[in-house]
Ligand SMILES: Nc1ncnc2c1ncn2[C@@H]1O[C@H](COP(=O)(O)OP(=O)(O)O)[C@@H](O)[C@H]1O
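Form predicted on its own, single chain, as structure tokens, below.
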């Protein structure tokens, strides 16, 4: 069954995917019934992205699907699984996906970037292909982001996946934004600051005012 929603990926680890995922609740909760899923989480002993989204997104229990692979050690999923004596399989994640509610709009967050290995043969992008959701790319705004973002866009499109847009994180950089939009033929849907401090109120205020102001993502919840 084809689901509604988007898959949030990044150009790197710790780029801001989780905070953007939480911000999407504040931006679109009043327009659609949303639910968040983190299929693969490593370093669970020190980072729990599901708990972070629950808190920053002010999420109700029905808005969180807390099932999936949860592994210790903050390393690549394939390595964390090997060290734990396990193996991550896309087929098993797809089975969980089939058990999840079908009457909601999904915010699915990946682990790391597009080409992160899940096991000896499968990458994160293979999970994206299995779920068949449009891709929202979270990228840094600073030096190097043009190359990293365009490589991510290219990797996604080579697998015949739709790029829904890009969210840039960090100090606004007009030239980097223009380059990503022009060379990547993709829309930048927001420029999210690094919040200090990061609070629900600050994230909500930014999301309601500056995240996807033209409502380009609305079609993916409908």
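Numbering follows the first chain given and starts at 1. All of these numbers come straight from a predicted model, not from anything done at the bench.
Another form exists, predicted in complex with the named molecule; not displayed. Remarks below refer to it.
Checked against the named molecule in the predicted bound form, the residues 180, 34, 189, 169 give one hit for a heavy atom within 4.5 Å, which is 169. Shown alone, this chain has one stretch from 191-199, 172-180, 153-161, 62-70 that lies within 4.5 Å of the named molecule in the predicted bound form by heavy atoms: 191-199.
Although the partner is absent here, residue 15 is a contact residue: one of its heavy atoms lies within 4.5 angstroms of the named molecule in the predicted bound form.
Although the partner is absent from this view, residue 24 stays clear of the named molecule in the predicted bound form, with no non-hydrogen atom inside 4.5 angstroms.
Among residues of the shown chain, residue 207 is not one whose heavy atoms approach the named molecule to within 4.5 Å in the predicted bound form. Interface residues of 97-116, taken as those with a heavy atom within 4.5 Å of the named molecule in the predicted bound form (partner not displayed), are limited to 109.
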